[in-house]
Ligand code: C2E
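To begin, one chain is listed below as structure tokens, in the form predicted on its own.
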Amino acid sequence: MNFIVHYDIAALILTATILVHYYLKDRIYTKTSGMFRLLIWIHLVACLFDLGTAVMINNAGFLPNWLQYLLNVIYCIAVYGRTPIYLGYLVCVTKGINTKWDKRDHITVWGLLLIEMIIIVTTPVTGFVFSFDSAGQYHHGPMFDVLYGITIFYYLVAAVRTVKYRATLKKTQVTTVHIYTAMNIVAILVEMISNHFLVAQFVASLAILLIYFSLENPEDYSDKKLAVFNRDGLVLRLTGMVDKKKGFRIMGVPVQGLKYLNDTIGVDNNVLLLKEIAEFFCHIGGVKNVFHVSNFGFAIIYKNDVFAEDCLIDAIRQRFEKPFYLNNMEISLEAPMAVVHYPEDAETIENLIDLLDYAMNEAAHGEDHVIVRANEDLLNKKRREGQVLRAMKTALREQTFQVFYQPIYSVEEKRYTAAEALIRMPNTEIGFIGPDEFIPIAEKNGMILEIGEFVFRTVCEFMVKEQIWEKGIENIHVNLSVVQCMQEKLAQNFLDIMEGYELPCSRINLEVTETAAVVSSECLSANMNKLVANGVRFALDDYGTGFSNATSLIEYPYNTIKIDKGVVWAAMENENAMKVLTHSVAMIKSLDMNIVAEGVETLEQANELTNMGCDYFQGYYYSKPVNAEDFVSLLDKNCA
């Protein structure tokens, strides 16, 4: 028998190239990648020994029979062991990185392999797969085609499994697996028909190359721009580390200051700055331990050691105390830190990631230079947030949220002429939950859109039902969250709701915080212009806090400015604060805008603010927020 070995040579070269490329790339090692590496190596052995045994068979009698038997046994073990390894790899891919193999998986992958190995290893005695005569001539044994049949069976099982678990794979990955299966089956059939034509190893090499670029592509878990691993890479790395049950720590660093630099230095320069930051983290933590987990957030994995943690913290603090330089620009940034320990703080990958995200968010909004650690207090806070979230979902589903109204008093007309709508959640199983607690959670989890629309619909329905303007209320103020202000269809949605209730647009005054204006300037501006054109009014809420400045008053079509209660109270206690408030009121009045002073709790405060020129008052001195029924009763008394 004379074998044609050209395709084996090509297969050997191609497989070696894949291996070199594989190990040159930075990658994260998991059970799945481990099975793929095993697949490549065993395929390399198959290519090498297929070529070697073919050359020896072509030169019969060159080697003693016992050595020919040994080399062919090794070849058969590699060739017929490759397919179960491939199926095992596919089981890992379809099971997911966090799922253990069950008994059925082990039997499917390794059951027939054991039978194959027994047949192959005993062949020198039984002649089941191959034999050599006294002249050194090679002959196929009676079980030769049986092994081919088992291999085809493995590929068919792989194809069926791919169809069954296709939801866990991308469309391109499903296609790749089917092509891999089809290519190898065709190659086996070709070799079964033409024994001398060795194409199976070359086709398998092409198929493995296809798998490599489709399923094992390191770019799937790498951030190419920053040359570090991404969030998916963190999940992969944690999977391998948690499987080993050894302690480690994760430090999250939500870099502060970059978010507001896009408009100043441009997106491209921002990426360059991020890359410099990533390089610094790689320098102190090692390139394989750094992950870009959010827009401006990084995570570093390090060993479970107090000294290592202290060194990392000191290095980060020292670097961020100095400015970064980019194109002759000096840029100062902050690096709050959050630390999570495994297994003390969390024992599963999902909980580790969840806790890291939570701790980083706390660090980003916490005090400077305070490191957030995933201690019992933080875990309790996280649990409380989960309870509040579930309570909100129940309140939305069962429509138990309530809208309260706090009257706004007109200095000129000496009566209530408006009111602010305020969302309230009734007592739940975990006790009272105030809006200061549940609204930020709703914003973070996207529920604020549903809650905001519920409030707006409730207000519209209430005003029309009670004909509230007949009781002296000219309009009701409704708060807009930051998330709502970012919705492109906000204006049209609100106009449709008001039209559905046949409510004049002039009866609504929407309150916007300056923070919302900064975050969603273009979108908010478009929505405001559309709503104002239809008669809706706007108020700037919480003036005197956050980003308050005169530019915002000019840029947006506000009708009313609401001075934050903190500013009002401070002015009553501090002479300089009083000067600031007095000048602010004068400036706002010069722009022909109305002023609502919030937090008015005493007659003395009301008199002082009246003398300054404030138009409206809102606070406990006039009324606390009350439910709809009590608000109507209050107005009836006011009108009597």
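So that the term is clear: the rigid core is the largest set of C-alpha atoms that superpose within 1.5 Å between two forms. Just so you know, these numbers come straight off a predicted model, no measurement behind them. Throughout, we count residues from 1 along the sequence that is shown.
Another form, the form predicted in complex with this ligand, is not on view; read the next lines as being about it.
A.B. asks: Do Tyr23 and this ligand come within 4.5 Å of each other in the predicted complex, heavy atoms counted?
C.D. replies: Although this ligand is absent here, Tyr23 would stay clear of it in the predicted complex, with no heavy atoms inside 4.5 Å.
A.B. asks: Using the partner position in the predicted complex, report whether Met117 sits within 4.5 Å of this ligand, counting heavy atoms only.
C.D. replies: The answer is no: Met117 has no heavy atom within 4.5 Å of this ligand.
A.B. asks: Residue-level contact is defined here as any heavy atom of the residue lying within 4.5 Å of this ligand in the predicted complex; does Gln618 satisfy this criterion?
C.D. replies: Taking the distances in the predicted complex, the answer for Gln618 is yes, it comes within 4.5 Å of this ligand.
A.B. asks: So, in the predicted complex, is Gly136 in contact with this ligand at a 4.5 angstroms heavy atom limit?
C.D. replies: Residue-level check for Gly136: no, no contact with this ligand.
A.B. asks: Are all three of Arg415, Glu474 and Val567 close to this ligand in the predicted complex, meaning a heavy atom of each within 4.5 Å?
C.D. replies: Answer is no for this spot.
A.B. asks: Would you mind picking out the stretch of 223-231, 477-485, 302-310, 180-188 that comes within 4.5 angstroms of this ligand in the predicted complex, counting non-hydrogen atoms?
C.D. replies: In short, 477-485.
A.B. asks: Can you work out which of Pro343, Pro435, Gly240, Gly141 has a heavy atom no more than 4.5 Å from this ligand in the predicted complex?
C.D. replies: The residue in contact is Pro435.
A.B. asks: Among Lys275, Lys95, Lys530, Arg424, which has any heavy atom within 4.5 Å of this ligand in the predicted complex?
C.D. replies: Checked against the cut-off, the match is Arg424.
A.B. asks: Within 4.5 Å of this ligand in the predicted complex, which residues of 582-603 have a heavy atom? Give them in sequence order, or say none.
C.D. replies: Residues within 4.5 Å: Glu598, Gly599, Val600, Glu601.
A.B. asks: So with the core overlaid, does the Cα of Tyr23 end up 2 Å or more away between this form and the one not shown?
C.D. replies: After core superposition, the C-alpha of Tyr23 moves less than 2 Å between this form and the one not shown.
A.B. asks: Core superposed first: is there a CA shift of 2 Å or greater at Glu598 between this form and the one not shown?
C.D. replies: Result for Glu598: yes, a 2 Å-plus shift.
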